[in-house]
Structure formats: C-alpha cells, structure tokens
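Only one chain is given next, in structure tokens, and it is the form predicted on its own.
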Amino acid sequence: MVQLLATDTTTKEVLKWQGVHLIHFQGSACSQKTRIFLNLKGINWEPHPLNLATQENFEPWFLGINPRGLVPVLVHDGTVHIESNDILQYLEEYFPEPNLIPAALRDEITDSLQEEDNLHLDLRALTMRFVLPKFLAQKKLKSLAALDRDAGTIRGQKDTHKKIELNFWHDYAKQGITDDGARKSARRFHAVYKKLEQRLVGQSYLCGSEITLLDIAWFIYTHRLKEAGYPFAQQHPQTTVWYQTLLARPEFAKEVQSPPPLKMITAVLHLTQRLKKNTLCHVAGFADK
C-alpha cells in the first residue's frame, strides 16, 4: 500500500489533520469510487475539493502532498495515502464493517482490482476522446513543467510513475487520442466485460449476492464508459442490469452526477462525432451507428 512517509510530505499542515480527510475532485473516476466506498461504509469524513479543471493539482501545495499530482488523497490522523485502490484496502482494514472485501474473496478481488487498475490509462484515453473536448482536457505546459520540476518522493524514493503521467499528457497535447489508440482501449474493455458478463449470470453482484469493493470499482468504469458512448445494452446486457441496480442506490447515484454544463458539452461532442461517424462505436467497430 502507498502510505507516504512524513518526510515525503512537504505540505506539513496535513500531518496535523485528525480524522478522515479526502482530497478529491467531483468528476474524477477514482475520487467517485472512493466516495461511494465511504458512503457504503458510513464513515464520517471531511471533504477537501480540488479543482482538476483549473489544474489546481499541479500547484505546489498539492504536489507537496502527492508528488504525482493525482486525486484522491486520503489523510487519516495525519498519515497520507495515495492511489485509490490502496486507499480503499486501507480503509477496509481500519473500518471493517460493513465488510466490502470478504476474507474468502480477498485474492479474487485483489486480482480483479489489479486488472481494473491496468485499464486506468485506457479509461482516461476514452474519456479524453469521447467525453471531454481536447480544449478542456489538455494540460497547460506550465502545469506539466511544474509536475516535471517537482522533486517530491514516494516513500523516500524518486517516483518513476510521474514519467507515465508526463508521457501521457505530452502525447495527448501532440496528437490527442488517435483512432487506433481509442480502438485498442475499447477492445481491451470489451474483453474484460465479456468475463464480467459471465460472472453476473445467476447472481446480482460480481461476487454473489452482496455488494463488494469489486462492484464499486467496475461500476465507476461502467458509468464513465457509458458517458463515452460504449454500447453496454447491445454488448453486455447482464452488465447493464447490474449497473442500473447500483445506479438506483443513492450512495452510488449522487457521486456520479455530472454538472449540467459538462453534460451539454459532452452532448455537443457526441452530436459532432455522430455527424462525422467517429463515435466510440464507429471507431471501435461495435456497430454502424
């Protein structure tokens, strides 16, 4: 688990925070996942919104907390935790009830969470191609320079993950998300959802009759992919029923509400893509729409 050392944290004020604090962004998929988990657990927590739209995550204050410039960040009684799946597993250990990672399923859930994490950049790519226009999503050069310049450490070591972030955003600035890149990402998701579809045959949730962390994680991906135009009803009907069941729960629904201006921007983007025949379905070859 990625718990930072006190020496990693140069924004020292957070080391004095007591209780459960979450630095997050409303539209961040990983933040949404964490908030739903906190809702289901009934954990009292203090929100600290960070505006990714204005690239506040590259400001020195936040880089002094998470040198990767990513949300969410959990601060619990002065200890700093980064990476959403690590945060959730930490919270599960500290707040064991209700149980969202049953002991008998721990290895299975851990493996599937790793599969989910491996697709994180694919989700980002499809978001940046089919949910947000490039003029809104692109990072400013000064923001990337601040990330590159920051000398923050992770557990006392230089962070190699930062290079992945920088490479993604520099490539995005140069060429956006290409048809080939989007197609590969969509097809990787299709392969995983075929397996999830089989898991849902004859049961309500991914691990049986009760909600687990696995449902939260894949719900968030499913919701974002639906926003991008992924054809779940056509390709994965069992998954569609499961998703609608979770979306009907307030603990889930309230955390994935998009603000009206963003809904309008995405709707205009989709209309333009339909006219040009380069929607997600067209690009991935799912259907002629």
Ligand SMILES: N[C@@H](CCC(=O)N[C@@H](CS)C(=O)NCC(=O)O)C(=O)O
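The first residue of the shown sequence is 1; numbering continues from there. Predicted model, so just to flag it, every value in this text is computed and none were measured.
One more form of this protein, predicted in complex with the named molecule, exists but is not displayed; see below.
None of the heavy atoms of residue 65 is located within 4.5 Å of the named molecule in the predicted bound form. The named molecule is not shown here, but in the predicted bound form it comes within 4.5 Å of a heavy atom of residue 169. Using a 4.5 Å cutoff between non-hydrogen atoms, residue 28 counts as a contact of the named molecule in the predicted bound form.
Within this chain, residue 155 is remote from the site of the named molecule in the predicted bound form, having no heavy atom within 4.5 Å. The contact with the named molecule in the predicted bound form, taken as any heavy atom within 4.5 Å, belongs to 71 out of 211, 125, 71, 131. Think of it this way: in the predicted bound form, the named molecule has a heavy atom of just one of 120, 188, 142, 106 within 4.5 Å, and the residue is 120. Heavy atoms within 4.5 Å of the named molecule in the predicted bound form belong, among the stretches 50-58, 257-265, 239-247, 37-45, to residues of 50-58.
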